[in-house]
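This document starts with one chain, in the form predicted alone, laid out as structure tokens.
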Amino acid sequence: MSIMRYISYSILICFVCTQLHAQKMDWQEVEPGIWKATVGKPEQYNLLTASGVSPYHNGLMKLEQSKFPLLKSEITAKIIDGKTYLKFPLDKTEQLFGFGLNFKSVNQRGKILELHVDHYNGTDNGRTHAPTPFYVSSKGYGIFINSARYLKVYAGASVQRDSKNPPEVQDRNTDPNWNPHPYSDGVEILVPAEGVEIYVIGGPTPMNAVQRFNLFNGGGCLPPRWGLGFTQRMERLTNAAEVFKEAADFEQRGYPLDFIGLEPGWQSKSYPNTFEWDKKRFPEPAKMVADLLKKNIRINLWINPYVSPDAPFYKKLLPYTASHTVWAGVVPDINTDSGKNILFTALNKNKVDIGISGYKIDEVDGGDGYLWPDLATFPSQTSAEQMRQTYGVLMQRYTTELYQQKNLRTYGLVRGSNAGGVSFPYVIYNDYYNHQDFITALINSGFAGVLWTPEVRASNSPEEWVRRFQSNVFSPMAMINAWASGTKPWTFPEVAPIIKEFALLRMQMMPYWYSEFAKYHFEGIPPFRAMNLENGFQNITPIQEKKNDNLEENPYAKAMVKEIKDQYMAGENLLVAPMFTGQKSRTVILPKGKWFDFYTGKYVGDGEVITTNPGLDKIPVYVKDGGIIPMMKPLLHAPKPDEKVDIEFRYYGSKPATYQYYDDDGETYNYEKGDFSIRTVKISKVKGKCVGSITNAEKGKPNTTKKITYKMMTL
């Protein structure tokens, strides 16, 4: 056989094999702007079944209509050797965002990732606390793969031989623009299963795609008001007397405090855990909780789910645990009814039922050296891999249910999550302590359907302490985590006044944060998100930066486009640009439209790059033209459900403005039954004066506002 005939024959065989394995996809619109296709035989256990959530249909109905955003013929699927091969089209100018909670980069095009629940170790490789298999295109659509497996993703990083849009062949010897990463016309995803559910999510804008994803997963969480206040986590082996002293110190010094976190030492034994109060450190937990609640201060308890042989329910639980242990503690199979009921009964008894406000769920994220291995088995027949991908979601789901049964909202912390966790009232944290990367993670959280806190722990200098604290105030949870250091807000006396000012600012802004979280729940808009989701930012010219071009050190050097990963949108109207240790000034890229200084109301620019020198006592924050920020007096604790407060609506710029101000009782789930109010605020500048109005509070609906005033910030 000639060489040419052999090659032709081989190509023919490959083509025939490909056609034999190709899967036909029937796309059905399952919610407005969301289409589903089933490939092969999807596994019954997936991310949506683990979370148990239902789409928020009413919210989806209110979004702008969307057509199927891709050519259906360009979405392909094959099943070979028990694995599903997916490919989605990708244009040359398209940018990709998402694929989970990444810490180093925002634009994920060109990345190779394995989406795998794990603690973050400093590299964006897919191993992270929330490896959500959802991505958003700059063209205004999203793709969601509903699989609880470790997915391998080639995000425009692979080139098929028979590509319809092949890259240009370049000669490195003669072409100075030779690219080590040729253009790829597809996003390819390998699912280690014989089938999968695929969802295409329409726009028409990237923000709309994000909204649809969040609403499809139940809508964002709506924390209790106290959850948006200030929290202090205490040292590991603290006791009841020290808890009361902590609360007294905050009050005496005039620092706000809404809830105190107790770390592992609240238990009689930890690593593994008994889930029982240590009687020496906490002899009367119910009385302690009740006394603190009278002061409007709540308690949050640290746990991980690994059970000690000394736990009172250990023997009863043992038949419903995994084959392998973690820190010599058994792993409850909470996909069995018995395992779930035993564990969560323990988390309720003498904890939730005495008024504990919530949990910090640690170490459900990963670390191959200490979590159960992939060869572990579980009584429910859920694979170890699937349990790894969903254990954090399951823990959020069932702890949330404990509070739903009491009709009280909770707000806690968790180390691992995934798709389906959008509606659960938990914020992700970790032990990786890089301030700049914390801000990038905050930006990416808006694409991953999770919340993230750039928590403050210890600092090496007063400057670092201030800079970390300032950005923490503009995040989903304002928290000092002093479990190891014992750090207090006033630890650095020379900057304590600055810290106090920003802690009180957090409380002043509670009406704004609360209204923005309502939009997260009802409209799917992330309260903290990337700049490229903001109108007027998409066409901003990016800054160019040069990577190491020493060919001995970096043989694949090429010019790169700098990402915008150090500034973000906070709610509808605020742009936040954190300062980092050692910085005296920084540049800020403003979207098109006029922007004004948050503190003074002064005009700062319009669709341009500005340089700011704020000094140590300020974090750069800007308000869009016509921005309205509802504020209240800086209370030391969140208002009680029946407490009315004065609201001041601050108005920036000169553009006539409208704002949707949200109100409910701040603590219960009654809002799910329609027991809330959304009042329309209108403000305009007339002959140099501020003219404002607000619709009347609906009779029988919550109304926690007392006196209302309007303040024109831009003179």
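The model shown is predicted, which means the values in this text are computed figures rather than measured ones. All residue numbers are counted from 1 along the displayed sequence.
Note that the form predicted together with another copy of the chain isn't included here; everything after this is about it.
Colleague: At 4.5 Å between heavy atoms, is Leu318 in contact with another copy of the chain in the predicted bound form?
Modeller: Output for Leu318 is yes: heavy atoms within 4.5 Å of another copy of the chain.
Colleague: Looking at the partner-bound form in the predicted bound form, is Glu188 within 4.5 Å of another copy of the chain by any heavy atom?
Modeller: It does: once another copy of the chain is placed as it appears in the predicted bound form, Glu188 has a heavy atom within 4.5 Å of it.
Colleague: Does another copy of the chain come within 4.5 Å of any heavy atom of Val169 in the predicted bound form?
Modeller: Answer yes; at least one heavy atom of Val169 falls within 4.5 Å of another copy of the chain in the predicted bound form.
Colleague: Would you classify Tyr85 as touching another copy of the chain in the predicted bound form, given a 4.5 Å non-hydrogen atom cut-off?
Modeller: Result yes; Tyr85 sits at the interface with another copy of the chain in the predicted bound form.
Colleague: Any idea which of 460 to 468, 173 to 181, 522 to 530, 622 to 630 reaches within 4.5 Å of another copy of the chain in the predicted bound form, heavy atoms considered?
Modeller: Answer to the contact question: 173 to 181.
Colleague: Can you work out which of Ala286, Val609, Val645, Ile112 has a heavy atom no more than 4.5 Å from another copy of the chain in the predicted bound form?
Modeller: Result of the distance check: Ile112.
Colleague: Using heavy atoms only and a 4.5 Å cut-off, determine which of Lys488, Lys269, His435, Arg397 is in contact with another copy of the chain in the predicted bound form.
Modeller: Going through each option in turn, the one that passes is Lys269.
Colleague: At 4.5 Å, heavy atom to heavy atom, what parts of 467 to 484 sit next to another copy of the chain in the predicted bound form? List them in sequence order, or say none.
Modeller: None of them.
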